[in-house]
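Quick setup: one chain, the form predicted on its own, written in structure tokens, and binding and motion questions come after.
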Amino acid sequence: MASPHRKPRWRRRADARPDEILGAALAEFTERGFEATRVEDVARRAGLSKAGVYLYFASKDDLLRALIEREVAPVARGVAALAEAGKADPLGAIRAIVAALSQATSDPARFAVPRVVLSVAGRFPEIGAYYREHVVEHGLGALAMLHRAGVEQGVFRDVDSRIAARALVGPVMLHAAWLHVLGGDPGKMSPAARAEAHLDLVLKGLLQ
């Protein structure tokens, strides 16, 4: 006789379905493209009916927003947490954040959702706005806050902190696009070494 405290198998399966659907959606978006993918394609891949997908997600756009929340927003929140914890050592915190982002964006699986978003943001501005609000602004805000803390401590020049934040993270995102969108040569540098090289350029500049 089953224990009265044990969850029935169907309950465990039902609890897992949103993640299964999102995994199927990401695979379809990656293979077919967001616009070419139909909800029924996602349902078929997840082993559900189309109606079964709609039990959890209202639309294809909703699937992509949920993927942003599952795959990318936690990274932005992690950056914000690192920045908050590192205000006493803003340079050290910036180094840690840029190194972590360089490592994460080197992985094609980790960059899969940003790649989908970049491919459709021009035609679906509401998706671009959602990504900007829930991911980009969190990360840039954290780096801007660290720059401002460094200015107050006499570590950094007093320039526009928003521009400083973009200068710090821009090369990381450009390299990710170079790798995963344009199919460029990754080069021989490790993500950690590449992060240090780009920070050296940003922090010291090109002039002698």
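Small disclaimer: the values here were computed from a predicted structure and weren't measured. Residue numbers here begin at 1 and follow the sequence given. Throughout, rigid core stands for the largest set of C-alpha atoms superposing within 1.5 Å between the two forms.
Below: the form predicted together with another copy of the chain, not depicted.
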Notebook entry, point to check: in the predicted bound form, which of the listed residues (A104, A96, L118, A76) lies with a heavy atom within 4.5 Å of another copy of the chain?
Noted result: L118
Checklist line | Among 166-174, 66-74, 53-61, 40-48, the region lying within 4.5 Å of another copy of the chain in the predicted bound form by heavy atom distance | finding: 166-174
Note to self: Taking another copy of the chain as it sits in the predicted bound form, is G23 near enough to touch it, meaning that at least one heavy atom pair lies within 4.5 angstroms?
What the structure shows: no
Item checked: Partner proximity in the predicted bound form: D19 to another copy of the chain, non-hydrogen atom cutoff 4.5 Å -> no
Next item on the list: Report whether the minimum heavy atom distance between G128 and another copy of the chain in the predicted bound form is within 4.5 Å.
Entry: yes
Notebook entry, point to check: Should E84 be counted as a contact of another copy of the chain in the predicted bound form, where contact means heavy atoms within 4.5 Å?
Noted result: no
Checklist line | Residues of 182-208 having any heavy atom within 4.5 Å of another copy of the chain in the predicted bound form, listed in sequence order | finding: L182, G183, G184, M189, R194, A197, H198, D200, L201, V202, L203, K204, G205, L206, L207, Q208
Check: After the core is overlaid between this form and the one not shown, has the C-alpha of V98 moved by 2 angstroms or more?
Finding: no
Note to self: Tell me whether R132 is among the residues that move between this form and the one not shown (Cα shift of 2 angstroms or more, core superposed).
What the structure shows: no
Note to self: After superposing the rigid core, is the C-alpha displacement of V72 2 Å or more between this form and the one not shown?
What the structure shows: yes
